[in-house]
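One chain follows as structure tokens, the form predicted on its own.
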Amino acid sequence: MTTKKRILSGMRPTGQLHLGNYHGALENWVKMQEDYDCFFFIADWHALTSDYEDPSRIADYVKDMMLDWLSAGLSPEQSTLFVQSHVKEHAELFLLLSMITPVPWLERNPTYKDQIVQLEKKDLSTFGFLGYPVLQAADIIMYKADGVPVGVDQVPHVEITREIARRFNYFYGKVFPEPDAVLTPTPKILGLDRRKMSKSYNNAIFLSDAPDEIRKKVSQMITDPDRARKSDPGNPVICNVFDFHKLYSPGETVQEVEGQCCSAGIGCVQCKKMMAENLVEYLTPMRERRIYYESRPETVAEIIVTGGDKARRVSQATMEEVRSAIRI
């Protein structure tokens, strides 16, 4: 029998998940369940790296995220779904790895530099923020993952994990495999205002949005900025609504909309309404699964406990090897 390769990935619980989160990660995770031994975790400790001043909503975000995951199609029968803080071994391995990780490795991390600029209003001069790649490495190598599904921009995160695993193995003997970055396709999807879709920009369509809320948001989307009147020909190439059509509308509809837009045969209002209905239909299976799990909170709680138990068994076995390797 062929043993499936193991992959691991996680998300920080900082609020509702939106379409960008779905197409950027969740959609691929759901597909990977068939071919990999999957471990997916809610990274609540990681949420503290930037939101340490007020952690009061993290517990609620954890529950919301698990609902989003189950609604999107992650299966507790196919994948191990768990909460990071429920497996204390992550903290122990993080501590041990921090002893051997050179500070310059962390300071050169491109994400670290980028976040310092983007989140300039927050005090990020903490060890936790600087050292989060070490905790991330602990999360990954704890389960001896063969790969980590990421987009191209996240490859440096996996590379520093490989370096830390390599350094540990050099000092203490071969314990950890070096995980590979599993590159996954991430279609371009912008927010309502053509900026990156983000809850902080108030431009996101959330997986949990009701149909009428989706229709309302779509009606506010920016289209071709050069098309002033319905009688003016449009340019679908620069229209965000057309990008959404390509994701959510049938192929024949996409072709029709493209032709009608270029010839001014269809106005932006009608085009948005067509896309909104297709988006609502696309999200219907997710909405139905969400209703199912929302009405069964005890089932969701059991999924979290069961996933944590399985993750803990694996992590305890790993930590026995680690303690033996470092003779502590």
Ligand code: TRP
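In this text, residue numbers run from 1 along the sequence as written. Since the structure is predicted, the reported quantities are computational estimates derived from the model, not experimental observations.
Separately, the form predicted in complex with the named molecule exists; it is not shown, and the next lines address it.
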key: Partner proximity in the model of the complex: Ile140 to the named molecule, non-hydrogen atom cutoff 4.5 Å   = yes
key: 4.5 Å heavy atom contact, Lys199 to the named molecule in the model of the complex   = no
ask   = Can you check whether Val148 is within 4.5 Å of the named molecule in the model of the complex, heavy atom basis?
value = yes
message = I'd like to check something about Gln136: if you look in the model of the complex, is any of its heavy atoms closer than or equal to 4.5 Å to a heavy atom of the named molecule?
response = yes
query = Only one of 278 to 286, 297 to 305, 40 to 48, 63 to 71 gets a heavy atom within 4.5 Å of the named molecule in the model of the complex; which is it?
reply = 40 to 48
ask   = Given that the named molecule is left out here, which of His157, Arg194, Arg215, Lys122 has a heavy atom within 4.5 Å of it in the model of the complex?
value = His157
Option touching the named molecule, based on a heavy atom within 4.5 Å in the model of the complex, out of Phe168, Phe206, Phe244, Tyr132 = Tyr132
